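The form predicted on its own is given below as one chain in structure tokens.
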């Protein structure tokens, strides 16, 4: 399965090689024009029947993780995070280090050795280490050189009512959707951009958008889902199983209202479950794409993911299918009537 294969690849920000090669192999099977730019983005161009308009799809290949920064005299590894990670989830987690996938476990001072006041305090990153079974510093240095990337070890598992547990759902769900969209036929030129380094500053998308210079961009993401115990309903970001989520605004971007309305109206017209993201925290590649060159009309379509940025992110397969259907529908309708694209570009609304 496409999503299983993608999530089980390791691709920490700045080291997306394995994901990039997988995507390039998939694209080569479709005989499409594909290039890798200087920062590492994969940009796939599917030429349309007409080249009057350019539509950009964007999904980032990278995931959060860690990097080796030092060693303990007893052979343990010191490390720092790459991207945003909640330190509270780290003790006891399994990881793999470097291209050789050296197995390790994130450890900390045992609870029975902690002082009473320590037990009520969240353990900080500086107090954690990675145990790779080495006995001496010199052994650890050979096995895991400085700068080696560290990934969570987590397998793709289906469970419950159409749920999936995996790492890197943010944003391998988007990568999977883009690959599926490349199978369609369109009037406009479609650019599927698989970007790098989103988790450390939306870097790849800035380069990709400048290169493509699209008329409209759709950003496909995995987003937060907080419908869990001890969170009030008014604080929910999205709901699992209620369809893909449309973003109105977040910390980095303000989606084009007319484009969002078009996507929402189309979804409702064709009976596809859809919801709005209720919070405005966080951000994604839309933040850089929107401000590229003279500006781009953007909208984000996301799959809700519980426990995001962890090795046990959870999504509903129904929401994933909803996301695919909505993106496909939006592309199909804009292809069928390219006047929609011009109307959105001009700041007008479209009745569907």
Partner chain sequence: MFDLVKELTGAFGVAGNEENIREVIKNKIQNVLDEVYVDTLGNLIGVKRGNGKKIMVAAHMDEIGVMANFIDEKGYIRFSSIGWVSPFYALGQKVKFKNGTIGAVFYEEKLDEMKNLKLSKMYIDIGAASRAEAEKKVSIGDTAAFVGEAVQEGDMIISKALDDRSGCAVVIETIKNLPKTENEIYFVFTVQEELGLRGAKTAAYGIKPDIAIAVDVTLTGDKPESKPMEVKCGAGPAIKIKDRSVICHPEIKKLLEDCAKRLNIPYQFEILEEGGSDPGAIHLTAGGIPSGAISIPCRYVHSPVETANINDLKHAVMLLRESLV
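Residue numbers count along the first chain shown, from 1. These figures come from a predicted structure and were not determined experimentally.
One more form of this protein exists, namely the form predicted in complex with its partner chain; it is left out here, but the text below deals with it.
- When its partner chain is considered in the model of the complex, only one residue from 317, 291, 45, 324 comes within 4.5 Å through any heavy atom, namely 291.
- Heavy atoms within 4.5 Å of its partner chain in the model of the complex are found in exactly one of 168 to 176, 182 to 190, 263 to 271, 243 to 251, that being 243 to 251.
- None of the heavy atoms of residue 55 is located within 4.5 Å of its partner chain in the model of the complex.
- Residue contact check for residue 233: one or more of its heavy atoms lie within 4.5 Å of its partner chain in the model of the complex.
- Using a 4.5 angstroms threshold between heavy atoms, residue 257 counts as touching its partner chain in the model of the complex.
- Its partner chain in the model of the complex comes within 4.5 Å of no heavy atom belonging to residue 299.
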